[in-house]
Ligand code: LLP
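As structure tokens, one chain now follows by itself in the form predicted alone.
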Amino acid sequence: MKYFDYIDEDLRSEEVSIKDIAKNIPTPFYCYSANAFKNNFNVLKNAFKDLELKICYATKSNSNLSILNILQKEGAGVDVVSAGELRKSLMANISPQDIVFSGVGKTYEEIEYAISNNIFQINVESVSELSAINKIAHKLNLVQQIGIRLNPDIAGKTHKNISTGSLSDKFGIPFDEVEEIFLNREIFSNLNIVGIAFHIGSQIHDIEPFQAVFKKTNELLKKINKNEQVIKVLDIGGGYGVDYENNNEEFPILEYADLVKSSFDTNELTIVIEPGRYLSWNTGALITKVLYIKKHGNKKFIITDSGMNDLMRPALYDSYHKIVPVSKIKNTEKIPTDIVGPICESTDKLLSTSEFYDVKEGDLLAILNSGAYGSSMSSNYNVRPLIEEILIDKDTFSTIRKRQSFEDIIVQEIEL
């Protein structure tokens, strides 16, 4: 579905004109559709409606408290990768029993905080980490539920920077070591090791890599559960691909849900999925202003007030985001054009195209499908402020993060 579209020549989200927001909020700013999050979540929920399932939203995709609140009310849990994400999730009233803590480098303090808050599961990525968690749980006199993250040595067909399932990646534990952990699980007296987890990457557009990893994992499950039901939780990650260029979900989610049901004994397992981008990608747009236009020979540069510090994905992943004028423009100019930001880096490029709308200085542009990994990856690079975030709900809009002031940026610095 499109949550940002033209009505009467003006770009709107739900019932709100983006141009009207920009009259009150200085650019650049992010704006999100509340109902986009709700609809995306329920599409996914309905695909798995006959399974015992935890949908644990990957908080790193977009961790704004108001967005976490929206998803919590729809019934979502969360997958977190830091104590900060865990704290925000608890502030958003997400039940500790709906929280999974993943990541390869959890600190002692983070592990202690997670165990003390009785979260559902910690996904462990090394034997060393497993031992550390056991010691911390023993010190706290508590027992923590554990999932062992597999490294299946199966890579999703995706960008090299978001592949996580091969042995050359830092994530997970090889299959032979996982079996050994379960055979010797009694030595970890303060851990309840009952889960298997995996995640082979993001932006996976076809189902074949999942077929391969499901088959390999199910063989391990049968081996470990041969004499008793040891593994009770199966966390199958996320990574469902979306099509930024054509603005559709693309991934065959119903076929994927059927594959889960046919691959595993779902009557005996609690299934956990960890969608992030799939729930948030098309919920947001980054609104920016054209500052300057210049030409170098047969090349045009449109310079905006938003850059890679606000939206890192194009610089980091060579990713595509469609960019459109906020007030509809029919004419285009057929000249190679780069839309670039103000950051002092050659990689601060938002879009390269062979033609673009004939925009003027002062016009507003919308960088679409930036709800995932936009704001959450933003930074203060070049001492630029984190920008305002706006939530649209039907015919109203509200600020859900204020724009930083210069004083906010330097408040922690100590001048000697």
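Throughout, we count residues from 1 along the sequence that is shown. In this text, all values refer to a predicted model and were calculated from it rather than measured experimentally.
This protein has a second form, the form predicted together with this ligand, left out of what is shown; the following refers to that one.
J.: With the cut-off set at 4.5 Å between non-hydrogen atoms, does F120 touch this ligand in the predicted bound form?
T.: Contact with this ligand, no.
J.: Taking this ligand as it sits in the predicted bound form, is L351 near enough to touch it, meaning that at least one heavy atom pair lies within 4.5 angstroms?
T.: No, L351 is distant from the partner.
J.: Hey, in the predicted bound form, is A58 touching this ligand, heavy atoms inside 4.5 Å?
T.: Flag for A58 set to yes.
J.: Give a yes/no on whether F264 approaches this ligand to within 4.5 Å in the predicted bound form, heavy atoms considered.
T.: Looking in the predicted bound form, residue contacts with this ligand do not include F264, since no heavy atom lies within 4.5 Å.
J.: For the interface check, one of 136 to 144, 299 to 307, 175 to 183, 201 to 209 should have non-hydrogen atoms within 4.5 Å of this ligand in the predicted bound form; which one?
T.: Of the stretches listed, the one contacting the partner is 201 to 209.
J.: Tell me, which of G77, G195, P152, G276 has a heavy atom within 4.5 angstroms of this ligand in the predicted bound form?
T.: Flagged contact: G276.
J.: With this ligand left out of view, choose which of F41, Y373, F356, Y30 has a non-hydrogen atom within 4.5 angstroms of it in the predicted bound form.
T.: Selected option: Y373.
J.: Hey, with this ligand in the predicted bound form, do Y240, R313 and Y317 all fall inside the 4.5 Å heavy atom range?
T.: Yes, the whole candidate spot contacts this ligand.
J.: Looking at this ligand in the predicted bound form, which residues in 374 to 409 have at least one heavy atom within 4.5 Å of it?
T.: Contacting residue: only M377.
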